[in-house]
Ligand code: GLU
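A single chain comes next, written as structure tokens; it is the form predicted alone.
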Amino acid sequence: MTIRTRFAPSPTGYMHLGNLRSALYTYLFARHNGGVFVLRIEDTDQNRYVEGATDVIYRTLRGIGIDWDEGPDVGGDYGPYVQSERKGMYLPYARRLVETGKAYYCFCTNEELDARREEAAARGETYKYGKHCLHLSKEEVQAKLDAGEPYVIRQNVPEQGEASFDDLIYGRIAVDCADLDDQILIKADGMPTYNFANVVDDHTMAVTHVMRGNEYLASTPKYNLLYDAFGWEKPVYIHLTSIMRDATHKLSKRTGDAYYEDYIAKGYLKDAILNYVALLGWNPGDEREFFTLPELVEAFSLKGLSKSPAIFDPNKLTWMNAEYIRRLAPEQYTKEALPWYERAGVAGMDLEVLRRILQPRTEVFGQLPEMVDFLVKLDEGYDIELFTNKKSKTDAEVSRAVLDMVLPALAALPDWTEAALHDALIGMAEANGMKNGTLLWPVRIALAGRAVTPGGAIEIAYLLGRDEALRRLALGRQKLS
């Protein structure tokens, strides 16, 4: 048997990290087993459709290296792969169920349904449709259809017995049919509901394994009743545990911690995000933490899937991202950093020096503008207490003497290069019997106006250029007067 999996997102906006993980696991399972990975767009809920969201799905998946064998933009033998384009096929299937008594036409108006819900609420009961229209005679149903009355088609769930399914993670799950509602299969606009289209599409696309979030556990017994009603073979179910922000809260779309694009916009690397998401609910069975996508394909096994919710730790993601950044080749680091340099206003400075001082300190590229803002504009109101440093053995008096010595020497430099600045400053320290730190500390404070900087006095002076560096050194000397 050829394994056929599918990822079936709704085009409602950016990709949620939970959806991204479902796509990744489904892809990895198919690729690891030499199977087929299908992309299907489920757009039956037109009220939630967001223009351009399908392109976001394509861009996100391809951006992290996930490709599909069949889908809307690549075709395949089981298309169309967009549900709205398959609209004509669902009603005949629903009518087949009506003919066998497994579904029925429902003509109840929204007003009637609302009134019944209110009555149930007043009794303290959970509302469930009472099969009112199931009891209409064939003649009554046909008369209403002939009159053009609006209708939906509902699933005729048995009033007794058990609906169950087996899940590879959760085991056997069974519910009492008496607790299940007669869900709508075809809406009044002729579109299928998500639950009905999902079953029909999975069957007609020959999907063998369904991997999805555990929020669908409650719906799956009704799915299986539909499979039984049609006499179709059921797929293998693999419901994935939730991704949680903490022990009691799921990732929140409202607080901006749930979308892949949010993290890309903050300057996280896509490979780091993919690697971290892969480990949210899956264990490779060894101590490895870092994987390329091909390595994930090779290592992936359903045995590694967790039965417990995964906790999304942004600090762990940031740590992993920092590790990925440190491993970047110099030219790749600069390529990733350049948009942030441009935003910060330092893109015209020496890119190799910037890389050298920033790459070991970068955790997320979005930090770069704040890390280098002192290179663009000095906060001239900095406290002169910064010039005092016990480790470097400097205070205001020592710093003043250092700047008195450094200013004319640097102003006389014929070439403003790193090498020339190094030789001049280190040479002055040696000639005056100073430790390097004693001379370089006040120079760096005057140049940067802060105690902690990426890079030292020599790199900062070089990046600032002769005129700005000398201006800042003179300002520092003036503050110490």
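Source: prediction; values computed, not measured. For every residue, the number given is its place in the sequence shown, counted from 1.
In what follows, reference is made to the form predicted together with the ligand, a form of this protein that is not presented.
For the ligand in the predicted complex, the listed stretch (334-342, 210-218, 393-401, 103-111) containing residues with heavy atoms inside 4.5 Å is 210-218. By the criterion of a heavy atom within 4.5 Å, Y382 is excluded from the residues contacting the ligand in the predicted complex. Interface residue remark: Y194 is counted as part of the site for the ligand in the predicted complex, having a heavy atom within 4.5 Å. Not displayed here, the ligand is kept clear of G18 by more than 4.5 Å at the level of heavy atoms in the predicted complex. Contacts with the ligand in the predicted complex, taken as any heavy atom within 4.5 Å, map within 1-38 to R6, A8, P9, S10, N19.
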